[in-house]
Every structure is written in C-alpha cells, then in structure tokens.
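Before any questions on how it binds or moves, here is one chain, the form predicted alone, in structure tokens.
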Amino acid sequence: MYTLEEVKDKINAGETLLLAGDGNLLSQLPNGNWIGGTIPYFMGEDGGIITKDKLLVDTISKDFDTKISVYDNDNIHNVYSDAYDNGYSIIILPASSDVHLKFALKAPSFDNFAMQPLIGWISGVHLDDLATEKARVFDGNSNYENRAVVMHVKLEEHQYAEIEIVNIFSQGDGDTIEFLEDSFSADKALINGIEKDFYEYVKEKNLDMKFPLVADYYGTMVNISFQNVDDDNKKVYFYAPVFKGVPYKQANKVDNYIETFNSKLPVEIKDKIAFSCNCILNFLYSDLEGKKTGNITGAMTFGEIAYQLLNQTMVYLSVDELED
C-alpha cells in the first residue's frame, strides 16, 4: 500500500503500474503507463484493510513490453484476440456497467477465448456509497464508468504465465438447479428437472446466502454468489450470471471460513505472483479486516476474472521460467 505522493513518483519515474484505490486518489495521478480501478477494500501486507487514503500497487517489470487497450460494448469481444502471443492480460471493468454485463454473459463465446491468460477484477465503491458513487476504471489518461481497461503484457520467450483459482467451495449434495436463460437474475428454474418459482424455492428452503451456487465447468468449480432476494419483484439476483442448461448445486457449508481459505492458499510462490485479487464477499464473510490470507496481497473486489467472471474466489497469476 502506497501514499498518493509515492505513486506519483513511481509514475513520473516511468514505471508500469496496476493500481487500485479510491477514485479521488486515482484522479490526481499524472498521465503514464498505468491502469487502475476504484475500490477501498484490500488485503495488505499487514492484513485486511479498508482505506481511501492509500493505493494498492502492482509493478510490471520493465523487461516486458506492454500496451493499454480500452474496450466498450462494441469491441470487448476483441479482448482475447488483442493479447500478445506469449503474454498475459490484466482487465478491470466497472461494476454494473453495460460492458461488465456483456463480458460476464458473453466472454466464453468471444474469439480466442482463453487462448492466453486473462485475469482481473470488477471495480467498485465502498458499500456505504453504493447509492451515491459509481465504480470507475482508469487508463493512465482518462477514467470511465462504462468501459473496460486492459494492460496487455508481453513475456520473454523463456517465460510463461499461469492463472490459478483458489475456491473453498464445492457442490453440495442438495437439489440440482438449472436455469431457463443466461441472466444475472432468476424467477423460474428447474429443480431436479421440475420447473418451479425460484424465488419461492429460495424462501421455502431458507437458503443461506453466504454459500454460492456451484457449477462444474469442465472440472473447475465455478461459484455464482447470491446478491439479494427481491421481495417486491419476486426475483433472485446474483453477482455473476447463471447460464441456461448448466446444472448448479448450492455449495457445501464451510464451518471455519478463514481457516479453510488459508488451507488452500499456495505456499512459497509469492515471488512468482505478478497479480492477485480476492472477492469482497470473502472479505465480509470471513471478517478479514485486520486478518491475513497467507502472504498474498491484492484488492478485494466486486468480482474476479480468471478468463471469465468468477465470485467468492481468489485468483492469481504467476510468471515462471520454461525448463531447458
């Protein structure tokens, strides 16, 4: 975590940076080779912290070529194709923006999906400010409420990048749930093959919102977190989209959230990690303020991206050397 003046010095020295912090601080930074997004929640060196006074900084090595791209709804489908042949890309999208929703729903259908590592996060605001502030992203020159910013990084020939997902949840042994359309909300669903009112199902079962729905995507467990149950409109809202025809189950309950999470963290890999972020829901449900998750630092975000949008996970990208 760095002060505003310290980050200004880094930018003026020509460093290539990935930044996270309060919009007021990001707006005061000089032009340079950096991207950033708004968020006040972090996992710092000393543990979880909520602050609008400091910025989280990840530095890209000067050995790597980089390029910054800005995407809107009309060209976000190019994000995978624009990556370097041997490299990785960091993406930041503003929460609840049109480009966020399109990426979340359509990313797996974009050209060259997952051909190169794409990792990143959804920017947000303090939860107390949801009604008055909007999430933003920055490209080192301008800021946006409805565009995505991406730092494409080119690695050297003898290097490679790899994305890992830390997920403490697995599918429980309860009902199988399938949805009727791709969406961030649902009012109907197939429960064990029978169409039912999903709002009423959630109410009757008294589902614990802390535990997400989990799908098995080709061997990877992917969480869909509950956002809220809308009693007025009789709908259930999620932080990431559910997809039609995919079987979901609610996650097994976790007795000790933070101990389980820490038990799954990588050991002795910190020096190889180029980027990491974690979910705001993990921060809240684990009561992480002042507590550490291993020795990995990063923003606590409104959604994580590891090729596509995820929830209630930690994601990280490591850079390693190819063996001779």
Partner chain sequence: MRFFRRKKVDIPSIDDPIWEDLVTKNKKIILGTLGAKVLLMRQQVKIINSENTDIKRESAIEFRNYFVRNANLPKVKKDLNAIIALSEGN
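Only the largest set of C-alpha atoms that superpose within 1.5 Å between the two forms is called the rigid core. Residue numbers count along the first chain shown, from 1. Model, not experiment: these values are computed from the prediction.
Beyond the structure shown, there is the form predicted together with its partner chain, which is absent from this document and is the topic of what follows.
Q) Thinking of its partner chain in the predicted bound form, which stretch from 89-97, 128-136, 230-238, 217-225 has heavy atoms inside 4.5 Å of it? A) In short, 217-225.
Q | Every residue of W34, E45 and E289 near its partner chain in the predicted bound form, heavy atom within 4.5 Å | A | No residue of the spot touches its partner chain in the predicted bound form.
Q.
Given that its partner chain is not shown alongside this chain, does E323 nevertheless sit within 4.5 Å of it in the predicted bound form, heavy atom to heavy atom?
A. Yes, E323 lies within 4.5 Å of its partner chain in the predicted bound form.
Q. Hey, in the predicted bound form, does E195 get a heavy atom within 4.5 angstroms of its partner chain?
A. No, E195 stays farther than 4.5 Å from its partner chain in the predicted bound form.
Q. Quick one: is G174 in contact with its partner chain in the predicted bound form, heavy atoms, 4.5 Å cut-off?
A. The answer is no: G174 has no heavy atom within 4.5 Å of its partner chain.
**Q.** Partner contact for E164 in the predicted bound form: its partner chain, 4.5 angstroms, heavy atom
**A.** Because a heavy atom of E164 falls inside 4.5 Å of its partner chain in the predicted bound form, the answer is yes.
Q) K210, K205, H158, K188: which sits within 4.5 Å of its partner chain in the predicted bound form by any heavy atom? A) By the 4.5 Å heavy-atom cutoff, the listed residue in contact is H158.
**Q.** Residues in 92-114 with any heavy atom within 4.5 Å of its partner chain in the predicted bound form
**A.** Contacts from 92-114: P108, S109, N112, F113, A114.
**Q.** After fitting the core, Y217 CA displacement of 2 Å or more between this form and the one not shown
**A.** Yes.
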